[in-house]
Structure formats: structure tokens, C-alpha cells
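Only one chain is shown below, in C-alpha cells, and it's the form predicted alone.
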């Protein structure tokens, strides 16, 4: 008996790690999302005790959302159906167009991630799951078999803000081996975003790699800033610790960031091999970043020859005063007297900032200032901003 007991203990000792590894590396309970050959998609969630399961995502018909910033289209919601084995399912009724999509589940009203899908991207204070439908423009968002650039996070001193701050910087394929100078695109995020937004949600490195490989884009450096002047860096990446991401930050659209922006340009020109001429610099941004791009480019008319306003906020909020926003007409007159190589405005026809952009275009038209206008369907969403980047980059530094 004693010998058998020893053997049993030995077997348990051998099998224990195997069971532990199985628990650690256990298979996902269901397949979700399952992308079918016809580009319909099935979502599944194992929740046998739930009373109601829904899915919300930007692949669904939009619903109206009212926020402090206005009314806009948000992700739709649809119910899943419960199967006999306790797994809830939903299959899209039609094929999805090529795109990067995001989604979350709602289980009895509680929003959760899909436990079968490890792919998530933080968007301000949410971390939705993501999936990709290949084809057409979405192939620019993929990692393809082409030469790849490098992405780094750099800290730079900002004397005007009195702190060191963090940047995300893309350098094109071959930069490390070259001794050439490169043009620079400064790419700015929207309210609630940070220096991670464009590289994660915007797929900047993939878009640049693919456009450069196809010859549709010039090799360039892309600098993605943190436009929140009160922050050192993205939440969780600074001495502030694991702060909760929020859109309600001070010093965002009051002229502070625009005033300090030359600190960014000075750092990049010192640390990287850049074309330091006006013809070698572009600035563009989405929403708040478009607002910053507009006012930075007119405040420093000798810095940027290419300007891109993606779904941009245009005018300061009531009660906001800053030297940056004073004499707007005179500053625009000086900027356009120098004939920018490209002044590009893009917005969705359902964007809550559409009227502001119409008014701004009327101002430009009235004064005979030349610009290029690009309009898309949909609203204030990342789908549009990725499209705008793929359209804007090929027009730069010609």
C-alpha cells in the first residue's frame, strides 16, 4: 500500500503542472467573431444565466447620441439570440464593407468585452474589441509584407509648459540606414485622445508603410503629439500614474497648446534628420487636433506648407480668450498670402461639426483663399479619420 501511495503521489505531481498549464493556456470557449467567406460576421457569447445579451458596435446602423459637445451618431445596438447550449449568437444580415470595426457586448445592461477576442484598443476611457474585414481601402490598415518603419515613444522638454512631455514618432523604412533629411507630418488627435490615439486607432504606421511601399506616399517622419497641455503623457504613461482617461481636461482649447507647439518642432528638428524648410513640414489633426492645426498654422505661417483639417472644430468656445485666437482675419490673410501648397478640409456629412466647417469654408471663399474640400458619409468617427489620412498623405511634399 505504501508503494502504491508513493506512485499515486508521483502521478499527481506530474499531472498537476499539466492541469495548471491547461487552465493557463485553455482554449477560448467559443469562436467570436467568426468572419465568413461572404464577409458576414457571427458574434457569440457563452452566458447561460443572462436574461438579455446585446452587441453594440460601429458596424451596426448608427443611433443618435446627445452629449455636452452636441448630437452625433454613435454605435448601434442589436440583440443576440440564445441557443440551446446557453451560447448567445448574432450574425450580421449582410456582408460588412472592408473596414476596421469595434464592438462590445451588453449583458443585462453591463458592458463587457468579448472574452473570445483578445484584440482591443483603448479609445479615451473605453477598450472595445476590434476586428478587420479585408479588402479595398482597409488593406492599407493591415500589416502587409512590405518594408516597415519604426515607432518610438520619445520624451521632449517643453520650456513653455514647464515639463517633459511624451511623443509618438514614426520614422519610415530605411531611415536608420540613410543619411537623408526627411519631411515631417505633425499629426494631432481629438479631445480625450493622446499620443497613442493615431498610432492605435488611426493605424498610422500601417497606412504609412503601405502608401510608401506602393509609391503613393513619400517617405516621411510622422510626429503624433499629446494635445492636452496639462498632461505629460497618456494616462498610465506619466508620473501621474494610472489616472482615469477623460475628455474634461484643462488647457486643451484655450491657446496653451498652440503657444507651446514650437517646442515640439524644435525638439524634432534637433533629434531627427528633418527637412527644416516650410515646404518640408505638414500639420493635420482630427476634431480638437484639427482646431489646433488651424490655429497653429495661422499663428506660425512660416512653419507649415501643408495643412489638413479632419472634422475640425473651428472657432473658440464662448468666453475663451487668447492671443492665439485674436486677429483671426489678419492672420489668415498673412497665411494665405504665402499660398500654402495644400490647405485640405475634410468632414463627414453627418458630423456635428459640419455647420462650423460650412461657415469656415464660406469665410475662406469670401476672401478668395484656396483650399481643397473632401466630404464623406457618416459622422465624427475613426472610420472617416483613417480615410482622410489615406487621402491626405499622398498629396504631401510633392
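Since we're looking at a predicted model, the values are computed, not measured. Positions refer to the first chain, counted from 1.
If you look for the form predicted in complex with a small molecule, you will not find it shown, but the lines that follow are about it.
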Exactly one of 288, 212, 324, 229 comes within 4.5 Å of the small molecule in the model of the complex through a heavy atom, and that residue is 288
Students should find that, of 145, 85, 317, 239, the residue having a non-hydrogen atom no more than 4.5 angstroms from the small molecule in the model of the complex is 317
Counting only non-hydrogen atoms, which stretch in 280-288, 152-160, 301-309, 77-85 is within 4.5 Å of the small molecule in the model of the complex? 280-288
Touches the small molecule in the model of the complex: residue 190 (any heavy atom, 4.5 Å): yes
Quick check on residue 253: any heavy atom within 4.5 Å of the small molecule in the model of the complex? yes
Check residue 380 for me: does it contact the small molecule in the model of the complex (non-hydrogen atoms, 4.5 angstroms)? yes
Does the small molecule come within 4.5 Å of any heavy atom of residue 353 in the model of the complex? yes
